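The data below hold one chain only, encoded as C-alpha cells and taken in the form predicted alone.
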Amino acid sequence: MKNTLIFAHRGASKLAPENTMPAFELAQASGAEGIETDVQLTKDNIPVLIHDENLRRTTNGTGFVQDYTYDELSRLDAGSWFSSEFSNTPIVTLDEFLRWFKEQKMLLNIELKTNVIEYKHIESIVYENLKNRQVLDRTVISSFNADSLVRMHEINPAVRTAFLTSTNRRDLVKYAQSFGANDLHVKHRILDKKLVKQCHRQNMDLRVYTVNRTGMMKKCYKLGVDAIFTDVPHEALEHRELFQKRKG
C-alpha cells in the first residue's frame, strides 16, 4: 500500500495566516508533499489566494474580493488577524505563489472558489497561469461546482480535476465521473472503507479534508486514502511515520 500524501490545507494554516507565503513556506519546511490553496478573482481579473469571498475574516478590509482591484487588495494586511508576528503580510497572487512553487518538489491542489460566485473565465485564467509556470503536471484542480470542472475539462482534458463534496450519496463515484472528474475530495465525516474501494476500483484518487485530529489521521492511513488535507502537516507527518512503524 502506498503512502497517504500530506497536503498542507491553505498552507501550514495553524502556524501562520492561511493562504499566505509564510504558511506555504512553513508547509514546505515541514516536509508536506503538497499544498492546497483557494483562488478568487479580483475586479481586474487577477487570481488571488484567499478562501472567503468576503475580506472580513482574514484581512483588515471589508466587502468582497471581486469588488477590489489587485492594487487595492495589495495594500491590505492579511496577517495581523492571526498574530502580530505576521502583521502586514499581503494577499498573494496566484502567479507570485507559482513563481515560488515552481522551485519546490511538491504537488498542488487549487480549489476554484466558484460555489458562491461564478467568476467569469476563472478556469481559463487559472489554467494560463499554471501553463505559463509549467506546473500543470503537478496540479489538480478541485471545486464544489461541477460546472467549473466541466469548463476546465473543455480547456484541456489532460488537466486533472477533482470534485469536492461534503454530501454523501450512494452513487458519488459515478456522479463525479459523469462530469469528467478524475478524483474525489470528500469531507472526513463521509469517509468509509466502501468509498475507498469504489474510488480505487475506478482509478480515482480519494483525498480527504480537513483532517486535523489524530484519530481521523490514523483512520485515513489505515484505509489507504491517497491524500489528506490538514492544517497541521507537521503533526500529520509525525503520525504517519508512527503508523508506518507500527504497521511494519
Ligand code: G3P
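None of the values given here were measured: they were computed from a predicted structure. All residue numbers are counted from 1 along the displayed sequence.
We do not show the form predicted together with the ligand, though everything after this point is about it.
Indicate whether Phe144 is a 4.5 Å heavy atom neighbour of the ligand in the predicted complex. Judged by the heavy-atom cut-off of 4.5 Å, Phe144 is in contact with the ligand in the predicted complex.
| said: Asp38 versus the ligand, in the predicted complex: is there a non-hydrogen atom within 4.5 Å? | reply: Yes.
Since only the chain is shown here, I'm wondering whether Tyr221 would be in contact with the ligand in the predicted complex (any heavy atom pair within 4.5 Å). Contact check for Tyr221: no, nothing within 4.5 Å of the ligand in the predicted complex.
Would you check, heavy atoms only and a 4.5 Å threshold, whether Lys113 touches the ligand in the predicted complex? Yes, Lys113 sits close enough to the ligand in the predicted complex that at least one of its heavy atoms falls within 4.5 Å.
Which of these residues, Lys43, His51, His200, His188, gets a heavy atom within 4.5 Å of the ligand in the predicted complex? The residue in contact is His51.
Q. Ok, Leu164, Leu73, Leu98, Val173: which has a heavy atom sitting within 4.5 Å of the ligand in the predicted complex?
A. So the residue touching the ligand in the predicted complex, by this definition, is Leu164.
Margin query: Taking 4.5 angstroms as the heavy atom distance cut-off, pick the stretch from 104-112, 174-182, 76-84, 122-130 that is near the ligand in the predicted complex.
Written below: Within 4.5 Å of the partner lies stretch 104-112.
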